[in-house]
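Next up: just one chain, as structure tokens, the form predicted on its own.
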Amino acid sequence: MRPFEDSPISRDGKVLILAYDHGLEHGPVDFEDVPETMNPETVWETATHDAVSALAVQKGIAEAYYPSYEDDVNLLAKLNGTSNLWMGEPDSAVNWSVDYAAEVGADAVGFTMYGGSNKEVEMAEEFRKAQEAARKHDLPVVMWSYPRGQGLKNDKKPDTIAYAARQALELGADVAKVKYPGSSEKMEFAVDMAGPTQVVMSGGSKTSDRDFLSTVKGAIDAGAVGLAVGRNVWQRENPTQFLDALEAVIYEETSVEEALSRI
């Protein structure tokens, strides 16, 4: 497994991935509250904040914008993704190769894995190809580990989230992005299950400043190394100030009250 401390997407052993693959995964609805975010350049500018250790985007966004930001933003190439128009069993099309991502200049690659889907076997085989190719290019691999599928009734159960973290370890991911299971104690179980694979919390839908920072604090206290977040940053009117607050919680491990004072 690749040493995380030497990872280009790590800052002092912590990570804050700003995710902006939502235009493909969710469509126009995610840009309605803050229409300026339809313009990818708005989010690329946000990603230049010191707190952001990588920006996760799909191929077209990387091709169009990364050349202008390569000195200021670490690129996380999100290799697979499927539109919200898809109504079948959870699956995710592989949209670019690791070789091409490396050619574009990626500092890391990301891959969604839907454990429990009827498509799990095919997705695991696709991940294996991506993970082994990433090793050849010395690129860290982040797994969006999201149990989901026809037979899965509750993807937020602590045991299910811990299983997601373990699946990332077993398949060779360097970092596992998992949902927060509701408490620091339950998150610690997921972190323990991941072993040497580093765990980051998935940001999810937008919530209040205090609620979100409290959840991030709980994840950090449980041993998570950080956060992979999209809407809870760029759907805000003050994304830069909110990144100041996240920087305090993740990198400085301050209290929530101290973080709120920075907004």
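Residues carry their position along the shown sequence, with the first being 1. Please read these numbers as outputs of a predicted model, since none were measured by experiment.
The same protein also has a form predicted together with another copy of the chain, omitted here; what follows describes it.
Student: Within 4.5 Å of another copy of the chain in the predicted bound form, do we find a heavy atom from each of Phe31, Asn84 and Leu169?
Tutor: Heavy-atom distance to another copy of the chain in the predicted bound form: all three under 4.5 Å.
Student: Does any part of Phe242 reach within 4.5 Å of another copy of the chain in the predicted bound form? Heavy atoms only, please.
Tutor: Phe242: no contact with another copy of the chain in the predicted bound form.
Student: Determine whether any heavy atom of Trp96 comes within 4.5 Å of a heavy atom of another copy of the chain in the predicted bound form, and answer yes or no.
Tutor: Residue-level check for Trp96: yes, a contact with another copy of the chain.
Student: Is Ser183 part of the interface with another copy of the chain in the predicted bound form - any heavy atom within 4.5 Å?
Tutor: Contact check for Ser183: no, nothing within 4.5 Å of another copy of the chain in the predicted bound form.
Student: Counting only non-hydrogen atoms and a 4.5 angstroms cut-off, does Tyr69 reach another copy of the chain in the predicted bound form?
Tutor: No, Tyr69 is distant from the partner.
Student: May I ask you to choose, among Thr46, Gln235, Gln58, Ser202, the residue with a heavy atom within 4.5 Å of another copy of the chain in the predicted bound form?
Tutor: Contact check passes for Gln58.
Student: Which residues in 34-72 have a heavy atom within 4.5 Å of another copy of the chain in the predicted bound form?
Tutor: Heavy-atom contacts within 4.5 Å come from Met38, Pro40, Gln58, Lys59, Gly60, Ile61, Glu63, Ala64, Tyr65.
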